[in-house]
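Quick heads-up: it's one chain on its own, the form predicted on its own, in structure tokens.
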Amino acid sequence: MAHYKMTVAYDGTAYHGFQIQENALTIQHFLEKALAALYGTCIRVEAAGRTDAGVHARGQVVNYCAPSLVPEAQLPAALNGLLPKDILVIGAKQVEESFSARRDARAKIYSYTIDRGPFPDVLCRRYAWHISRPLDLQAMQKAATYLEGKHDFRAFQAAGSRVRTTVRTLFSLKLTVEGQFISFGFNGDGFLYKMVRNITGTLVEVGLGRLSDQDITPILLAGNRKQAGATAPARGLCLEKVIY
């Protein structure tokens, strides 16, 4: 038996998240279906993170154990021939038995994209949150700096998650501008359930003038989800990279 690490990209629009579920289309379901067809036996995968329904990925990482039948260089092409066109294996290599895509991850990088044009870009409607009202980008970036570092992010965690601690370290949170699109880049050691989308929704509230950048620290300290902004739509979120 051999142990493999795979990097997977996908358009999450048609899927109910990564994690396998009954009566729902998921990324894990199709990955494991393709692996079963390739190896002729049931194969389970472990992912670096469970992206939610409608969330995309350019650099999701999974690991699995299987018979050493297919050369690692041929795995992407072999699996891509069995996968839907919106799921793509972009890299694969053999790793040590101890490797875990989830436990060994040291950081994850997410992006969240906002389309601020007067009309949405029709070709990007699945990958950006359209907001036609003017946004104060300077205030949004200033607010973002208060979120960098090690904090208790309880105020930005959605209900329905059980974790040992809500303390996380956000190494950087930067805003970039390209035409009518703005993008937030989140680099952190881990993220709570819907944390990136809840932070983005709060930063948009700042950009719209409904909150001040000075409100961010009190929201963090209060740890009250109701004080933060609304949850941004899933379509603007993408898992860009997992760092080991």
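Start at 1 and count along the sequence shown; that's the residue number. Everything numeric in this text was worked out from a predicted model, so none of it was measured.
This next part talks about the form predicted in complex with a further copy of the same chain, which is not shown.
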May I ask you to state whether residue 197 is within 4.5 Å of a further copy of the same chain in the predicted bound form, using heavy atom distances?
no
Are any of the heavy atoms in residue 103 no more than 4.5 Å from a heavy atom of a further copy of the same chain in the predicted bound form?
no
Any of the heavy atoms of residue 234 lying within 4.5 Å of a further copy of the same chain in the predicted bound form?
no
Non-hydrogen atom contact residue 10 with a further copy of the same chain in the predicted bound form at 4.5 angstroms
yes
In the predicted bound form, do 57, 76 and 122 all put a heavy atom within 4.5 Å of a further copy of the same chain?
yes
Candidate from 136, 86, 148, 152 lying within 4.5 Å of a further copy of the same chain in the predicted bound form - any heavy atom
86
Which one of 172, 132, 161, 80 is close to a further copy of the same chain in the predicted bound form, taking close to mean a heavy atom within 4.5 Å?
80
Given that the partner is absent here, state which listed stretch (124 to 132, 153 to 161, 95 to 103, 140 to 148) has heavy atoms within 4.5 Å of a further copy of the same chain in the predicted bound form.
124 to 132
In sequence order, which positions of 207 to 244 have a non-hydrogen atom within 4.5 Å of a further copy of the same chain in the predicted bound form?
238
